[in-house]
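Given as structure tokens, the chain that follows is alone and in the form predicted alone.
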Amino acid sequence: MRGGEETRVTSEKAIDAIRPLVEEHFERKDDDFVPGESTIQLSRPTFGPDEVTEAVESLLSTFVTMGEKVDQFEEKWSDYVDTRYSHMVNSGSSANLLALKALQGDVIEPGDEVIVPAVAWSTSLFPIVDIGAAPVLVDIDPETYTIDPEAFENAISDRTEAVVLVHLLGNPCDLDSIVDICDAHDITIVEDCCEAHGARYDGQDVGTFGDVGTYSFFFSHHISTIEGGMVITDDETISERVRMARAHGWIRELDDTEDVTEAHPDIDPRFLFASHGYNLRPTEIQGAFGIHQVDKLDQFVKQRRQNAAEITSRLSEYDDVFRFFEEDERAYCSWFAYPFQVRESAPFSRDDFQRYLEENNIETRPILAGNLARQPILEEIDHRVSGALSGAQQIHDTGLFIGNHHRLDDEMIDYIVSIVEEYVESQT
């Protein structure tokens, strides 16, 4: 028996022995939820025995760097969102970097402007700076948490070449309006879908409306590869640039290397670099998780939507103190979290409400980075602010979110509702 075959047989035996133990481990019930003692967490693990066993198989095989399982995950993701190319990377932030990097030169040149909503994550903005462009912060609609189309159009200048749309908290932007504006002004669209897995607009997956889209598979997101991200596009040139930049800029990521190798016969083609690049490759461990996670996404999103509908319904009588998010009829929100905005007229502040939730073991977070224009790093970045950013400031001052995930059950929702009711009634 050859060494490779022997290793495979030995690995298969090991997996057969391990699988029942892994399944037994995940079948064990978590500690019972005890209201007031147990913590309502922001997220819970999305993986189980299939992902762990698949990852162990990769480890036993010793083929652990980017390979066949990453390829399988990329193919499954392309099928899921209905796109031509999907390229996995090591994080959603890296996905944003490569998406912008792929536009450098042909679309975006140094000094050009790229518009970005003022409420987003830091690495929705930083890649703009990394490619030598200037970010332009525009306001969001506080009712939807996404970019305000009118503010976007008002921010366009003769230097504007692209926009980074952020489908914040899983809520799709007003894509009808934005696509029309971009078409009219010849603006390239990058869709940051890092919190919007499974979200759709008019039945079409977010990420597929623009020129390039990105996703994150961090531990706390709808599905997870522990760390990880994806860049999607239908554009062959963008695809090729992403693949090369992901892996050092060498030509082994090209489909056709003949022209480059013939032009440089003095360089070993195995180490021939034809593009600026990084090392942002994922591992087979991440790919192993991904190929099983995709199949679970729709059910996870369905559960998040049910949770959000239940919480909103039961707290709707308090709309005099809270602004509740309402979904546009064209949008299918995937509810990354459950957000609250405390109205300015409420007899309590956002900070006081947030403190009460935390004291009662309900984890909270701000609405991402809040108003990015307020972040100290912006003092060091060449950027422009368009408009007053009043919507972004409203979110910054009054917004927070709590966890909304597939493991949030009726007992936990009952507890969340009771704590919110208890607090509001004590303040009014």
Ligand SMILES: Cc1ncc(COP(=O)(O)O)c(C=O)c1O
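Just count from 1 along the sequence shown to find any residue number. This structure is a prediction, so every number in the text was calculated from the model and none was measured.
This protein has a second form, the form predicted in complex with the ligand, left out of what is shown; the following refers to that one.
Residues within 4.5 angstroms of the ligand in the predicted complex, judged by any non-hydrogen atom, belong to 191-199 and to none of the other stretches in 344-352, 304-312, 286-294, 191-199. Within 4.5 Å of the ligand in the predicted complex, a heavy atom is found for every one of 92, 221 and 228. Heavy atoms of residue 239 never reach within 4.5 Å of the ligand in the predicted complex, leaving it off the interface. The ligand is not shown here, and in the predicted complex it never comes within 4.5 Å of any heavy atom of residue 334. The ligand in the predicted complex is not approached by residue 144, whose heavy atoms all lie more than 4.5 angstroms from it.
In the predicted complex, at least one heavy atom of residue 123 sits within 4.5 Å of a heavy atom of the ligand. For the residues 368, 60, 52, 385, the 4.5 Å heavy atom test against the ligand in the predicted complex is passed only by 368.
Using a 4.5 Å cut-off on any heavy atom, the one residue of 94-118 that reaches the ligand in the predicted complex is 96.
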